[in-house]
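Only one chain is included here, represented as structure tokens and corresponding to the form predicted on its own.
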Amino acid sequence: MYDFHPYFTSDGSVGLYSPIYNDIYHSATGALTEANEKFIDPIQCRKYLNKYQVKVLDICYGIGYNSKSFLQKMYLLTRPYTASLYTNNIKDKLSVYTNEIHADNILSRISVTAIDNDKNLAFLSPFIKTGEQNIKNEKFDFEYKILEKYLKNDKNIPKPKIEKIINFLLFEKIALNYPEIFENKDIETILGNKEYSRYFDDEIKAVFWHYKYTTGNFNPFEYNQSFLHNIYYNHVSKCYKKRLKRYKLQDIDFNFKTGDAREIIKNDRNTYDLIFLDAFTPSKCPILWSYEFFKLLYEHLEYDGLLLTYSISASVRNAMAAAGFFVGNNFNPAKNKVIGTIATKNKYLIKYPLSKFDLGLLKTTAGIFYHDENLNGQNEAIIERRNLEVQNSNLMTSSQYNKKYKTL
């Protein structure tokens, strides 16, 4: 049976555990919050409204929070919406109809290329719930018990959501491009399992079952005319009828590729505006954090593009710099904390440069990066090679550097 281990994180979004890596895919304190803070908020999405096309490469797509959060952000920037205002002392709610679409916005298409080893997770991504209020995890059927201490069922913790229109859009693209989803026994078993039902959106599931058992072939236009009159009419059909001027649902490309990201990207001739690198930690999955892999990503990034990752590892940052990137901190002013790393070819896009301490750390054994010359090595061999380099190095250790730095 397919291994599927979901749980609710503290912000009401679903996280996953990987038995293979004995690790979690997402922060236990908030999976969707993490996606927004570490991958979307630093981007300054508004500037992409002035591009004709935005191309995104999502490495280790998982259940899609990074891509879905980006699509949602762009959708919210380009749709008309109703803003709520309050008077000084009287809580009279006034509605003001506004529209953030400006005449100089030319965005016409967003293209997402998603890569992961697990196609089932991509297939499940449109069904995943967010914003769940009752986040009690009744049991964990996996060994990663340590995450329990991070989980808080606190009503004061914000519960962000992915808008349903984004999940519908994603489901439509998957259904059209990968119709084998309707014949996938693992997907059928998981969506039909009552134990997992609390993690999935019932309406998106209903769409899946409808087309699996009544029509056989997914046709979004037939869907608009018929099934939307049932459970989905009020939400989705409005978006289709109004046909937003600058951000049409049909102007989204979603391409999912299964397999080794190194091989897939080597054979890819595209360059990207945004690269999300969300692989498992370098100490467990170094094949996607090597110097050679960053050289490959450098070749696939536009000059004004950004590579974003959650990792702040000195070895990762040193590999990025050696590959030609300008490297900076993803700094969260609200938390007064560095929460990730940003790399680019254009140094003027670095808002928070690495500190003097950060730069010094790159010159210690902590900054020794992973090597994978032919981009086909195995994790264990790559880790072993780096360990030997660290052992035989004459560089200062990170602990020695910390002590020396404190005395300066």
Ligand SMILES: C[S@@+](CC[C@H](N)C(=O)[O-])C[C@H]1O[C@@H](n2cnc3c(N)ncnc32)[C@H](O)[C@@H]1O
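As the structure is a computational prediction, the values presented were derived from the model and not from experiment. Residue indices: 1-based, along the sequence shown.
If you look for the form predicted together with this ligand, you will not find it shown, but the lines that follow are about it.
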Answer key: of L297, L124, L288, L308, within 4.5 Å of this ligand in the predicted complex (heavy atoms) is L288
This ligand isn't shown here, but in the predicted complex which of I43, C60, L359, I339 has a heavy atom within 4.5 Å of it?
-> C60
F4, E188 and D201 each touching this ligand in the predicted complex (heavy atom, 4.5 Å) | no
Any of the heavy atoms of N66 lying within 4.5 Å of this ligand in the predicted complex?
-> yes
Using heavy atoms and a 4.5 Å limit, would one call G259 a contact residue for this ligand in the predicted complex?
-> yes
Should F280 be counted as a contact of this ligand in the predicted complex, where contact means heavy atoms within 4.5 Å?
-> yes
S197 near this ligand in the predicted complex, any heavy atom under 4.5 Å?
-> no
Assert contact_stretch over 173-181, 202-210, 321-329, 110-118 against this ligand in the predicted complex, heavy atom within 4.5 Å, equals 110-118
